[in-house]
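Here we start with a single chain on its own, the form predicted alone, put down as structure tokens.
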Amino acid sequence: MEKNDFVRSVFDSSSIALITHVNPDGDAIGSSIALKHALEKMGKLVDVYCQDDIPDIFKFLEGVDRIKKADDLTKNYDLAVALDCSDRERMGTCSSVMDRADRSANIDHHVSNTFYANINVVDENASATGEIVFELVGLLDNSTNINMASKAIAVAIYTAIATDTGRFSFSNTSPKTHRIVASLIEWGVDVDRLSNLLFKSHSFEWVKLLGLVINTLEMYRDGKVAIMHISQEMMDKAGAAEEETGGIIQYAKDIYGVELAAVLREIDPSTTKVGLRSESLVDVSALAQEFGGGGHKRAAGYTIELPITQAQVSLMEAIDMHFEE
């Protein structure tokens, strides 16, 4: 089993690098930080790498302030582990960390994963990469005399799972997910505190941006498709950073009768980032893959080298094909 191969590789390694994806979300950061704490309990030298800055909303996680960039790379590692990265490109500049390691591992739950490492622990049925990390921590616990049930690990895994399941409301939430969360609460998670930190605390800039974006909302296909735009001008007007775009798509998705929601974000005049969410009719991971992206059946995205208006035209053509299938 790949999970057992991963555990053996950990025991054979003294220095371990953990790498997560560009524009990191809660699952990326939470699963990485949780595994870092577990491996450090075993006496391993562990560094975490991410190309981009960590959103302020996750700064409460213990150890997140020690995440490095590839620019800080000064050594080779026995083992490099990518977390929540469906392919090597998702690591961005930090893929160089894996290139210089003796062995590599890939821990992920995306159906679009390309199995690019020596060891691939990929479970597309897991609600989040954090769910897989929980299982791996359990295997490490069983293989040592070390008690892994720490509050720091629990908080990080809870962050990973809660964010990737939309507060346990998405279709990827399973009975297994809730059993894991029950264990995390027993390990010391304060659900009320984390819910406030993760879902009920928004910056003034986020609220201003939300107002601007909602005014761009347009409905298509008899109300089954909802699309919103985020231009750079709107970002500047709201004084918002990239992290302030999170969660806005849900306002389109939550409209009664909407089967597919999209938010098109202008990166620059010739590049657009597209976020997708669906209810039940459309597999948005398949839709995103048509444009070189990926994700899950109900949540996916991609980046395309087109101005935002042309990006919407190409998206609508693809959406029409999926609705006609």
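Just so it is clear, the model here is predicted, and its values are computed rather than measured. Residue numbers run from 1 along the displayed sequence.
The following text describes the form predicted in complex with another copy of the chain, which does not appear among the structures shown.
Task: Distance check, Met219 to another copy of the chain in the predicted complex, heavy atom within 4.5 Å - done: So Met219 counts as contacting another copy of the chain.
Task: Interface membership of Arg88, another copy of the chain in the predicted complex, 4.5 Å heavy atom rule - done: The answer is no: Arg88 has no heavy atom within 4.5 Å of another copy of the chain.
Open item on the list: When the contact criterion is heavy atoms within 4.5 Å, does Ser201 count as touching another copy of the chain in the predicted complex?
Closed with: Yes.
Task: Partner proximity in the predicted complex: Val191 to another copy of the chain, non-hydrogen atom cutoff 4.5 Å - done: Yes, Val191 lies within 4.5 Å of another copy of the chain in the predicted complex.
Task: Which of 80-88, 98-106, 116-124, 170-178 sits within 4.5 Å of another copy of the chain in the predicted complex, heavy atom basis - done: This holds for exactly one stretch, 170-178.
- [ ] Would you kindly say which of Ile249, Leu210, Val137, Met235 lies with a heavy atom within 4.5 Å of another copy of the chain in the predicted complex?
- [x] Looking at the other structure, the residue within range turns out to be Leu210.
Task: Neighbours of another copy of the chain in the predicted complex among 239-261 [non-hydrogen atom within 4.5 angstroms] - done: Residues within 4.5 Å: Tyr251, Asp254, Ile255, Tyr256.
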